[in-house]
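The chain below stands alone, shown as structure tokens; this is the form predicted alone.
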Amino acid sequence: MGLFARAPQGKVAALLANANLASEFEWLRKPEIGSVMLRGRAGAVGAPFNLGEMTVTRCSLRLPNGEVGHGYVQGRDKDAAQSAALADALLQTDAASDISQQILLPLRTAEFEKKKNRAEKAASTKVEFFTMARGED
């Protein structure tokens, strides 16, 4: 679900379309836009505090064979939420291996490359500090 939520806009839908894994479904909860409260902790261990709100889109659907899928994505993108929910439901069917290979693997690879490029860019700005002897005994 995290991969679907972090995927670039339209990426999950495009991968689903390319994989020809689209399926009929019925809505349990049509895509709706709302907000959630983000919570944080000082130093990751302190008392929780409300950081602020974030807009999200969520939906739920059911495939004809009964599997239920849920989609939550950041922002106001109903198509992305639908695609995430459909992929989630399909992961519970016999198509799970196809979803893993044709959707999850490309999303993981793209996310890894993005993190790697960001780390390399940060590493290129690293400054090495050293102290010469100050003459104190």
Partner chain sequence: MYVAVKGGERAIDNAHAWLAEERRGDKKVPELSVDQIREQLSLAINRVMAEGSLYDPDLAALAIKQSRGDLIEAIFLIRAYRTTLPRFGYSEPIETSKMACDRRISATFKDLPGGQVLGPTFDYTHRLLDFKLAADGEIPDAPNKQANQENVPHVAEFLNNEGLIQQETRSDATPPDLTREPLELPADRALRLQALTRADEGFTLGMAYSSQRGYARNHAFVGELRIGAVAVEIDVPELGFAIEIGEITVTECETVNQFQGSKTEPAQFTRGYGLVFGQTERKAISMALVDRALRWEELGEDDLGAPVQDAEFVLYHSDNIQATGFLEHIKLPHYVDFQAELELVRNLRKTAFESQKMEAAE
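All values reported here derive from a predicted model rather than from experimental measurement. Numbering follows the first chain given and starts at 1.
Heads up, the form predicted together with its partner chain isn't pictured, but that's what we're talking about next.
Student: Looking at the partner-bound form in the predicted complex, is R108 within 4.5 Å of its partner chain by any heavy atom?
Tutor: Because no heavy atom of R108 falls inside 4.5 Å of its partner chain in the predicted complex, the answer is no.
Student: Answer yes if any heavy atom of E24 is within 4.5 Å of a heavy atom of its partner chain in the predicted complex; otherwise answer no.
Tutor: No, E24 sits far enough from its partner chain in the predicted complex that none of its heavy atoms falls within 4.5 Å.
Student: Taking its partner chain as it sits in the predicted complex, is N20 near enough to touch it, meaning that at least one heavy atom pair lies within 4.5 angstroms?
Tutor: Looking in the predicted complex, residue contacts with its partner chain do not include N20, since no heavy atom lies within 4.5 Å.
Student: Can you tell me whether L63 touches its partner chain? I mean in the predicted complex, with a 4.5 angstroms heavy atom cut-off.
Tutor: L63: no contact with its partner chain in the predicted complex.
Student: Go through 24-46 residue by residue and record those having a heavy atom within 4.5 Å of its partner chain in the predicted complex; state none if no residue qualifies.
Tutor: Read in sequence order, the residues that approach its partner chain (within 4.5 Å, in the predicted complex) are R29, E32, I33, G34, S35, V36, M37, L38, R39, G40, R41, A42, G43, A44, V45, G46.
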